[in-house]
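Below you will find one chain, with nothing else, as structure tokens; this is the form predicted on its own, and questions on how it binds or moves follow later.
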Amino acid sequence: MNTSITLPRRHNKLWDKIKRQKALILMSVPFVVHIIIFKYVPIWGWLMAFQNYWPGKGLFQQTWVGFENFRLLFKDVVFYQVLRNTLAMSIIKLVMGTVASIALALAINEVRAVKFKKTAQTISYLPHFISWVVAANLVRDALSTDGGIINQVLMSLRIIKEPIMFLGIPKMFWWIIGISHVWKEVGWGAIIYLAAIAGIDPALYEAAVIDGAGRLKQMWYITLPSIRPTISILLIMNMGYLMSSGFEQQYLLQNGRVIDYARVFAIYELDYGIKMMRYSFATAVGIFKSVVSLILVFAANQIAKRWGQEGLM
């Protein structure tokens, strides 16, 4: 009597596929474990948002207050100020960063001298590896009223008569954050677009040259439409970061004069949640950020699909 068990054909195909890709699966295991430990396990801490949490007791031995922390959050005037600042700086960084990265990628792609091309690309993405502790000091020095290069150039061109304290003007703070972000990250962002451009079929450019198209028309009618799926995917992914415009950059460049325009959610959580020991309140802020970020990603994904663009799912 034959007692062997025959698996369905679908299971056999799945098992064969796993065998063929076992090396890739093994390589991905550490990353999956990392995500589970540092991303999913801490979600249990969200229970603190519905408690009057105080260290020393177990998580399930705290006083439960329901949605009280969220009610306090939405009644806080500073919360709406933080929401405004976060969205404003995130949108400025997203728009300026995306446009600058695409422009730089197009410019580098058009360079024919290989050595100059590699040198320009290397110089452009090196600031990405500089810590914001160092980068913020460079920005401060550049904008300083005491020998700062920006003021010196503007005065030399007779655009201004005396130095301007840029970091002391509240409404200018958002733009300083956006411009300094572009300086630091534009080269790194251009790498992805350069990789997408490298995958375009050269025959398209050859046909365009035969039809008499110049470089600008080639970029407009061939390069940009060809990398549109990459742009769409990156924009959708970046929508999830609109509620997290950063921490180090704003924290290191802020001062008392611009605090009303500099405070973002990360600083808000630190000041109002951790320093004041309002742990439940800080957790409620984090949940709000996460939920809104998730909604933005799904909404952007659906909008992209309706417009016929590439989506994440």
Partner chain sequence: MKNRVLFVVTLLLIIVTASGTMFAQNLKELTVFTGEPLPEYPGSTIVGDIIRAETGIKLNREALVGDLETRVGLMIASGDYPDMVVAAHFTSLLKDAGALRPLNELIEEHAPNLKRLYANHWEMLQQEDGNVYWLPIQAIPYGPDKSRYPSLAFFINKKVLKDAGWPIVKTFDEYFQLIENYVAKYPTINGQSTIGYLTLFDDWRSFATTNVPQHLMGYPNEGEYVPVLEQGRYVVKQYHTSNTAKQYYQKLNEMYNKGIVDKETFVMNYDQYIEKLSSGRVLGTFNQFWQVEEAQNYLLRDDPDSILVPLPIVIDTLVEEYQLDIPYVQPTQGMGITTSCKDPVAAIKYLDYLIKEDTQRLIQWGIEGEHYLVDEDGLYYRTPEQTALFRDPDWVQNVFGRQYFHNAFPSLRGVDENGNMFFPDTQPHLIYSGSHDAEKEVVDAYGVQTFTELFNEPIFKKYFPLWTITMPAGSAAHIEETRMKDVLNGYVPRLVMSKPAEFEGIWANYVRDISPLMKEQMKVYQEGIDWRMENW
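Fair warning: this is a prediction, and the values are worked out from it, not measured in the lab. Residue numbers count along the first chain shown, from 1.
Quick note: we don't show the form predicted together with its partner chain, though the next part is all about it.
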> Would Ser28 show up as a contact with its partner chain in the predicted complex if we use heavy atoms at 4.5 Å?
Replying inline: no
* State yes or no: in the predicted complex, is some non-hydrogen atom of Gly66 no more than 4.5 angstroms from a non-hydrogen atom of its partner chain? => no
Check whether Ser144 has any heavy atom within 4.5 Å of a heavy atom of its partner chain in the predicted complex, and answer yes or no. yes
**OP:** Please run the contact check for Asn255 against its partner chain in the predicted complex: heavy atoms, 4.5 angstroms, yes or no?
**Re:** yes
Its partner chain in the predicted complex has a heavy atom of only one listed residue within 4.5 Å, and of Val41, Leu59, Val32, Met277 that residue is Met277
In this chain shown alone, the residue from Ile102, Met243, Leu167, Met89 with a heavy atom within 4.5 Å of its partner chain in the predicted complex is Leu167
Here the chain appears without its partner; judged in the predicted complex, the stretch of 134 to 142, 192 to 200, 121 to 129, 107 to 115 with heavy atoms within 4.5 Å of its partner chain is 134 to 142
Taking its partner chain in the predicted complex and a 4.5 Å non-hydrogen atom cutoff, the residues of 58 to 78 making contact are Asp76, Val78
